[in-house]
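One protein chain, two forms: both are listed below as structure tokens, the first as structure 1 and the second as structure 2.
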Structure 1
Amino acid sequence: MLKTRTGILLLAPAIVLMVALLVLPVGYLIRFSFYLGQTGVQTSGGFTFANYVRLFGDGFYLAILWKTLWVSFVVTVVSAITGYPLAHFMWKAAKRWRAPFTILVLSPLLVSIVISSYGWIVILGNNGVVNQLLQFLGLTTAPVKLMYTNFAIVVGLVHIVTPFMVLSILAALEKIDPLLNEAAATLGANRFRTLWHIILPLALPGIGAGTTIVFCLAISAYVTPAVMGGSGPNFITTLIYHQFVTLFNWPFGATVAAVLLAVALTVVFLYVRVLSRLGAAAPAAR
């Protein structure tokens, strides 16, 4: 066992780093959001809620916030539906499939988002792979607008978050006692009933963890909405960028960032609450 003093010495540098580069700066960002912007780091006037009033009072900004939440919700649902079969396959697959499938499923994480976004432009663009295929099949004569739409953002984001969803669900599946399957089969349950009544409920904690991570990743994604969502601020993150870099109104940008942080932390907090409830209820259920 470690002596307390050694432990403190080992932890100190990392804690100093975290406080200096995360806690204090984020605190400062939040404080900054309560002042009016001038240019860049300069502010004017005293403490005020004006930025928040402006953000939540303007239909333009509200529409962006709403769109971010809605798109992220759709991404979360779609990725849970597509992620579950992949996790299930990896759980049951023969050993020789496991290594290549792990690399496959994790590839969106290992290859830069900038690269996959470019790939989606080539696929979904007006002269892209999908449109050429549609025209070749005679399903359409003019190109269908797929790129620079909400659909494109959803496709791009589902692709990126897949590894997180699959790994979360897989972690839960691997905790399931293989005998449960046999028990259900012996008692006469077919595969669907076993899946629905035994496996899915047990995979629920994994799906919960996955949806939490995925939703947080989706609302804070920048590259996908910037590249695939068309020009102008169309997502909470691109709005932040627009305020900071284009308009140079740093306090208002800080306000939007503070709201993004609040949403992310609320989602994580709700998840932890639900998890501890489930944890408390589980022994009673047994």
Structure 2
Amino acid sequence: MLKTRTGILLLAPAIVLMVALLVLPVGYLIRFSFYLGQTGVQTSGGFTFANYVRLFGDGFYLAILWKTLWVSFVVTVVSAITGYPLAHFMWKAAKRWRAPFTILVLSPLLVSIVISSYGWIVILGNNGVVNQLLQFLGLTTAPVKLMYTNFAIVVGLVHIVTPFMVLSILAALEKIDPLLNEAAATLGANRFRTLWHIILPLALPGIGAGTTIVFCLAISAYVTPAVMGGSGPNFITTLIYHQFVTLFNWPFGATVAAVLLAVALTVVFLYVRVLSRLGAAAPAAR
């Protein structure tokens, strides 16, 4: 009983901050989604589901929601594919190289997201480095539209979120005993079989944590889609901004935000359940 009370007292400050800074503001925002109104906080009408009917009954909004989910999924997969080899390399590298590579991995986070996004415009624009190189090599005769596309959003987001993927996987790899490689080689396993049957299953918690973090960051990103995705609502977050700031339709903006929160929580919950089952099945398979 004493330990329970001590634990509650230790958690009390964090719980109070969580409720004050997250639960209450989000709850207050969700409350707006059940009102009608067009003038900011000035609402009219009582409790209604009209905003949700409008959202799910309009193909334009559903297309933006689907695009956001699809782009976030692609960003997560690309980050995992590029992040694991880098994390594995850092795990195997000599200790004197660990610090320089860590700084290199963290470098996207040391620069403002706005600056990074505009930097990609210099690279992917019609007169950017990529198009100039393609035309110099004779592969194209006119600029290829790379900016203000889904491709540009994916590139910009992968650049920003990959450090979270790498560090999560690296933390899991650090817990693996290096002698497992030698033991597997002694038993006749080559490098591929060692990686597939031993290293990857043991690194699964880090991969799961990294993909979860990356997906949440991608689906809630605003700056990169706003700068690299073109004008107008092209992502769920830019749609929310457009409703709040441009149209001053707070109830509908709150509705879109509530749906985004519900979708993100649902996807993460289902993903974590799948990972937990895979983690429980992995030891039995081995």
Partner chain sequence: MTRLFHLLIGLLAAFILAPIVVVVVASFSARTVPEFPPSQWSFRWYEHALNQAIFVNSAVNSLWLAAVATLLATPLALAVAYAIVRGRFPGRDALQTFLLAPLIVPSIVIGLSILLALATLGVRDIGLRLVGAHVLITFPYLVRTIMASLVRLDPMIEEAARTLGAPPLRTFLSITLPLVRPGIIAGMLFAFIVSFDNVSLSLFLTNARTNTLPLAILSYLEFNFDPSIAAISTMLVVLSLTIAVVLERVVGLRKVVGA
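Only a predicted model underlies this, so the values are computations on that prediction, with no experimental measurement involved. In this text, the rigid core denotes the largest set of C-alpha atoms whose superposition between the two forms falls within 1.5 Å. Quick note, the numbers are simply positions in structure 1, starting from 1.
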* **Between structure 1 and structure 2, the form predicted alone** => 2
* Asked: In Å, how large is the C-alpha displacement of Leu9 between structure 1 and structure 2 after the rigid core is aligned?
  -> 8.8
* Quote the shift of the Cα of Tyr271 between structure 1 and structure 2 to one decimal place in Å, the two forms being superposed on the rigid core. => 4.8
